[in-house]
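First, one chain by itself: the form predicted on its own, in structure tokens.
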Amino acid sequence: MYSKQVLTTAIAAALTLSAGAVAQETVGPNGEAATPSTEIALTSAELEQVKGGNHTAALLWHTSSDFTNAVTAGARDEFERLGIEVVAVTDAGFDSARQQTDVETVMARNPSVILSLPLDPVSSAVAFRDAREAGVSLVFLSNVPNGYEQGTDYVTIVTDDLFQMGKQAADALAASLGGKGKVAWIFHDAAYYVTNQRDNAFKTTIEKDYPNIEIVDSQGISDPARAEEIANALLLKTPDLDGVYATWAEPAEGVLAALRASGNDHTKVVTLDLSEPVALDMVKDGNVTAIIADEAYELGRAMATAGAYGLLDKAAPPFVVAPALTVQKANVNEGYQRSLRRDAPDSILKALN
């Protein structure tokens, strides 16, 4: 998705694992209630008012990826509809200092709106200070700088429907197992509210809705490179393991490597975020039963519209979420289109045919 999986504890918004496990719906980094992205819209009169404002926008991303490309596409299309010119798109390469430089450079162009994922809540409070003080309409993806007040310093936070992503992962794995079996839960071992809520939603759903499925082992992971090692240990302990939840696609690739090395074609795998190697295994009827993805294009659309809220001084909800979708072999290309607004990779299309 937007490579949020590689964010470290240092850039995480603090929300504990236990709090995430209790929640039955997605909440923001400060406990904000979620508003569906479909509710972020302008009236015809508001649209015309924005169009007449000669506004500009800058997209200051944390990295470059399929995910950010899709978010950018959604934002660009909406900005075009709003008559807002995109004057800059940057990639900080997961470098907080570089992100601050990007903000300083872009501010010389006096953008009316900035969309961004703040890499580090502490340093980003300084990085976006000039933009905040200049009255730029700031819309953030997933994170928020420390000390920033919604409605005063920024318009809103936009992210995925995190609980639904974890819940759909649990439902898909349970369906593949016929509602019974032994599974392992590989969760993100860091205090980052995005992954924490997704992971705990899976666990909560299994425990609440599927009494005949037992989570027989749990293992935290902070370094995706250790996924194969962790999966090998899980399989050694429980050779007849029926399913594995992997916190995102990169660790899932390590789990698949362990399963292939042991000749295991029984254990089903479910994970989050689109990945070519994982999706290819799925369409080849391998171990992967489903991938849960976000609608990245819709994230961009909602962020751009929220930026217009700021220009209009229109009150915005504090926390906005875009839908999650379950991608399986039967709908893999549709899943890529809905999430990323592009076809699935050629390797996947060829395997389907």
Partner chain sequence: MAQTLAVTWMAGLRRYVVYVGFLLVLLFFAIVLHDDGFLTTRNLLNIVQQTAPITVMAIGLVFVLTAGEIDLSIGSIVAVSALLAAVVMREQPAILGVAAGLGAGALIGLLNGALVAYLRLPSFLVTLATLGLFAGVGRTLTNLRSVPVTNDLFNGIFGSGKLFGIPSLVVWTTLAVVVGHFFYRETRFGAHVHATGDNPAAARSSGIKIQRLRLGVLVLSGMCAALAGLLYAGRLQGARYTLGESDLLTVIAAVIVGGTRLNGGLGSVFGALVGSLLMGTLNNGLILMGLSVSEQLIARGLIIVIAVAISLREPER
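Residue numbers count along the first chain shown, from 1. Computed from a prediction, not measured in an experiment: that's the story for all the values here.
Only in words, not in the display: the form predicted in complex with its partner chain, which the text now covers.
Contact check for Val106: a non-hydrogen atom falls within 4.5 Å of its partner chain in the predicted complex. Within this chain, Ala257 is remote from the site of its partner chain in the predicted complex, having no heavy atom within 4.5 Å. For the chain shown alone, Arg129 is a contact residue for its partner chain in the predicted complex, at least one non-hydrogen atom being within 4.5 angstroms. In the predicted complex, Gln100 approaches its partner chain with a heavy atom inside 4.5 Å. Between its partner chain and the residues Leu236, Ala225, Ala261, Val87, the one pair within 4.5 Å by heavy atoms in the predicted complex involves Val87. A heavy atom within 4.5 Å of its partner chain in the predicted complex is found for exactly one of Asp95, Asp153, Asp217, Glu250: Asp95.
Considering its partner chain in the predicted complex, the lone stretch of 209-217, 162-170, 185-193, 266-274 in range is 185-193 [heavy atom distance within 4.5 Å]. Counting a residue when any of its non-hydrogen atoms is within 4.5 Å of its partner chain in the predicted complex, there are no hits in 254-289.
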